[in-house]
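The form predicted alone is given below as one chain in structure tokens.
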Amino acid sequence: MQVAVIGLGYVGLVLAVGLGGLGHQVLGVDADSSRIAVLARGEIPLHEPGLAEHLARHRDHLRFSERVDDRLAEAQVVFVAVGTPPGVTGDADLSAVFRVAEAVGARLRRGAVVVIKSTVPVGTGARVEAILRRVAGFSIPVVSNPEFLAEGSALADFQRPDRIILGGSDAGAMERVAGLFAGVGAPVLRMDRESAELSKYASNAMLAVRISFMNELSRLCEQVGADVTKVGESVGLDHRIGPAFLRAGAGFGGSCFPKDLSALEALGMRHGVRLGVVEAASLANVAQRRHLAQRVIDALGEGVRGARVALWGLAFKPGTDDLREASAGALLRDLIAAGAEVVGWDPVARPGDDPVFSGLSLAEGPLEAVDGADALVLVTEWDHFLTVDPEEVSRRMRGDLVFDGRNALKPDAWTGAGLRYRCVGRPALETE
């Protein structure tokens, strides 16, 4: 099938390459000329395991362009996968979605289908459909097909999704879109467009609530002497709950959870419904980051001013170079405000001129980061850090404080190296 994907960020690029792998002819469009130049060379402009290899294998099925032009008339299905960042009120900024609708509506032929892959609030599909009708002069069906890709495993998630959601009122259009994914083999849920649009927000909110609940619980565990990992394990064995997303840590980040919670809250308020649980999840996430930073500051005491603190991991999670809403940025801000000097290292993430990471010094490696450090904080649990020798870390550090913000290290090995090991929600393992 002839397909176009407008927007080649994490979602759009994985979608384009994935559909090419299923045998479709795909035109990928992105306004960023540097991104298109990288793709034209057969390279990937972001870190996503397996994606470069998949692009190389299916290059004959893919074309890339920085403009929406007349080639779009060939497309039977057009996916809209542009960003919807939060606006000043927390609502999703849909301006890019509507610009795409204007551009494609002038070029599509009768019989084409437009699919919204971007995360958008309820009612967006109807607005896009109205724009297309006005610009094209005839009706173009719009199908909602929310994405559920996790950065770091996005290609695998495309190839083996839990479900494929299609929302719309045109049965024929939905069947055409379903046919695109015939080689995937996942269950296809067909529903009204409004329910499909809300499904993505609901899923992300549920996951964020679970994380925030465990993080709040970790703070209680620290006060009462309980172990949050044991509590999480016992809760997860309940078949009604399950074990996923029940680990305490340094808080969630990335391009989805924070903005989607904000957009969902704004959607509720716009319709007179206050989503208190969603609001609480956001507030708990902010509180967790501040709590962890304060624990490091308190542990350093009066010596925090002028102290050297090493951060292991900058990306918001392992397997990606995405720094958006990363916990490392929040920790950096609070540590610098307390007077500390902060140095960091990440296997793939590079802050560049990102203002969130202003003041951070970058090391050449994990051991170089701890040279002369008074404290080390594991923020992102990359495998690179889990195999580092604690004895070598101890020899290189000036101080002895190690804070495991993800409960990922082996406590005995680190305390055995003469280091003060501290973690999240497990006070019995701390060596004060």
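Numbers follow the displayed sequence, beginning with 1. Just so it is clear, the model here is predicted, and its values are computed rather than measured.
Heads up, the form predicted together with a small molecule isn't pictured, but that's what we're talking about next.
Does the small molecule come within 4.5 Å of any heavy atom of residue 129 in the predicted bound form? No.
Evaluate residue 200 for contact with the small molecule in the predicted bound form, applying a 4.5 angstroms cut-off between non-hydrogen atoms, and reply yes or no. Output for residue 200 is yes: heavy atoms within 4.5 Å of the small molecule.
Within a 4.5 Å heavy atom cut-off, is residue 148 in contact with the small molecule in the predicted bound form? Answer yes; at least one heavy atom of residue 148 falls within 4.5 Å of the small molecule in the predicted bound form.
Is residue 317 close to the small molecule in the predicted bound form, meaning a heavy atom pair under 4.5 Å apart or at it? Close contact exists here: in the predicted bound form, residue 317 approaches the small molecule to within 4.5 Å, heavy atoms only.
May I ask you to choose, among 313, 168, 251, 232, the residue with a heavy atom within 4.5 Å of the small molecule in the predicted bound form? The option sitting close enough to the partner is 251.
Given that the small molecule is left out here, which of 136, 211, 300, 96 has a heavy atom within 4.5 Å of it in the predicted bound form? Partner contact (heavy atom, 4.5 Å) among the options: 211.
Report the stretch among 107 to 115, 352 to 360, 121 to 129, 242 to 250 that approaches the small molecule in the predicted bound form to within 4.5 Å, counting heavy atoms only. This holds for exactly one stretch, 242 to 250.
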